[in-house]
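As C-alpha cells, one chain now follows by itself in the form predicted on its own.
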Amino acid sequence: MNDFVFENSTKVYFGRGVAKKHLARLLADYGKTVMLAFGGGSVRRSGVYDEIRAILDTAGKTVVEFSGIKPNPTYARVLEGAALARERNVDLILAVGGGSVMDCGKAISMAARYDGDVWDDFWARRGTVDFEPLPLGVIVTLCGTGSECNGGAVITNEAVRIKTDRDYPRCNARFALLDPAYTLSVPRLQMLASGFDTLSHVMEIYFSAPDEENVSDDISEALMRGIVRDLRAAARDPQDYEARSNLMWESSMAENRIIKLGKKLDFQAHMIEHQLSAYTDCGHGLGLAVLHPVYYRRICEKGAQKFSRFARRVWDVPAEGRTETELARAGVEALADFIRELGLPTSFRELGLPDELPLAEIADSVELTEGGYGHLTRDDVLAILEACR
C-alpha cells in the first residue's frame, strides 16, 4: 500500500425511517434558521418534502426554501443561494435530493462564508479552505454520486463553459440521512444511470496505480461485483428494496474516500463527460455509459494487467486460452455488454445529442489527468469523442 492520510467527518444514519428517527434531534445542535435546499417536483411528489418540512416545523425552525436546483448545478445558482443564506442569517443548510442538490449545498456553504470569488479561488484551481463553511446536512433521495460522504462538489460555470469538481474535507456534510425507501420513486432509467455512475467511480479508482495486490483494489472488486448484481436486480424489479438499499450504500462506499486510499486515481472519463455535459447538459451517468467502453478500448492494453484482472474477478471471463491482452479486451467488452443489457445509451446519437457537436472545442476544454494508464493528449480525447458519435 502507498502512504495516505484518511479523513471522513460525516456521520451517516442508514435505513428505513431515519429522518423521522433522527432529524429532530440533529436539528437541535444548530440555530433557528434552516435553508431547505432541493430540486424540482420529485421531492414533493414522493412525499419526502412534506415529511421533512413537518419535522422542521415541529422543531420550531424558521425555514428558508431554496428550490429548483437542477442537474449540473451552476455557479450562478450557487451565488444566488449564498446571497440568500447571508440575507436570512441561515444557521444550517439541509440539502434534500441527489448529487446535484448536495453539491450545490456544499458550494453554497462555502460561498456564504467567503468574501472572495469562490470559483476562482476554489474551483478553477485547488485552494486552501482556512475558514469554516456554513454547516450542511444532507438527506439523500437519489443515490449514485456518493456526494453524501465527501466534500466534493461538481459545479458548472456557464460563463466559461467549464464543469469541474473539488473535494474539500471541510465541506463534508455534518450528517447524512440515507433512507433507501426514498429512492424507490426514482424512475427506472434515472436509477440505472445513477447506478452506473457509482460503477464508474469505482472503475476510475481501480484502473490506476498501484497494480500490485492491495486492499483498496480488493474492496473495489467486491464493490463492482455487487453493483453489477444489484443493478441487474433493480432493473428486473425497480421496487426491490434490498437491491436499492445495496446500491445506496455502494454509492457511498465508492466515494467516502476509503477505496481511494493509496491509489493514484484516473477520472479521465469523468473529465471528458464533465465537458460534454458543460456543452450539452446531458445526463452525467448516461454520458459516462457512452464514454467508458470507448475510453477503455483505447487504454486497456497499456493497463493489461489490471484490465485482465477486471475481466476475471468482476465479469468471470475465463482466462484459459487467452493472452493477458486478449483477456483485458474481453473485460472491456463485458462492460459494454452490461451497458447494453441495462438499456443505457452506447453512442451520442442514442444519448439524444445532435450530430453536429463542437467536438474539437470540447476536447480542447477537457482537463487531462495523470493517474490513469492512457496519459491522453488532446488528440486522443478528440478521437474518443468522435468514436462515440
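Counting begins at 1, following the sequence as shown. Just so we're clear, the structure is a prediction, and the values are computed from it rather than from any experiment.
There is another form of this protein, the form predicted in complex with a small molecule, and it is not shown here; the text below is about that form.
Asks: Choose from 310-318, 146-154, 292-300, 226-234 the stretch whose residues reach within 4.5 Å of the small molecule in the predicted complex, heavy atoms counted.
Replies: Every other range fails; the passing one is 146-154.
Asks: Given that the small molecule is left out here, which of Lys263, Arg257, Lys306, His274 has a heavy atom within 4.5 Å of it in the predicted complex?
Replies: Of Lys263, Arg257, Lys306, His274, the residue with a heavy atom within 4.5 Å of the small molecule in the predicted complex is His274.
Asks: Under a 4.5 angstroms heavy atom criterion, identify the one residue in Thr33, Thr346, Ser42, Thr325 near the small molecule in the predicted complex.
Replies: Only one option qualifies, and that one is Ser42.
Asks: So in the predicted complex, does Glu250 come within 4.5 Å of the small molecule, heavy atom to heavy atom?
Replies: Result no; Glu250 lies far from the small molecule in the predicted complex.
Asks: Does Ala278 reach the small molecule in the predicted complex, with heavy atoms at most 4.5 Å apart?
Replies: Ala278 lies outside the contact set for the small molecule.
Asks: Is Thr141 one of the residues lying within 4.5 Å of the small molecule in the predicted complex, judged by heavy atom distances?
Replies: Heavy-atom contact with the small molecule at 4.5 Å: present for Thr141.
Asks: Does the small molecule come within 4.5 Å of any heavy atom of Pro73 in the predicted complex?
Replies: Yes, Pro73 sits close enough to the small molecule in the predicted complex that at least one of its heavy atoms falls within 4.5 Å.
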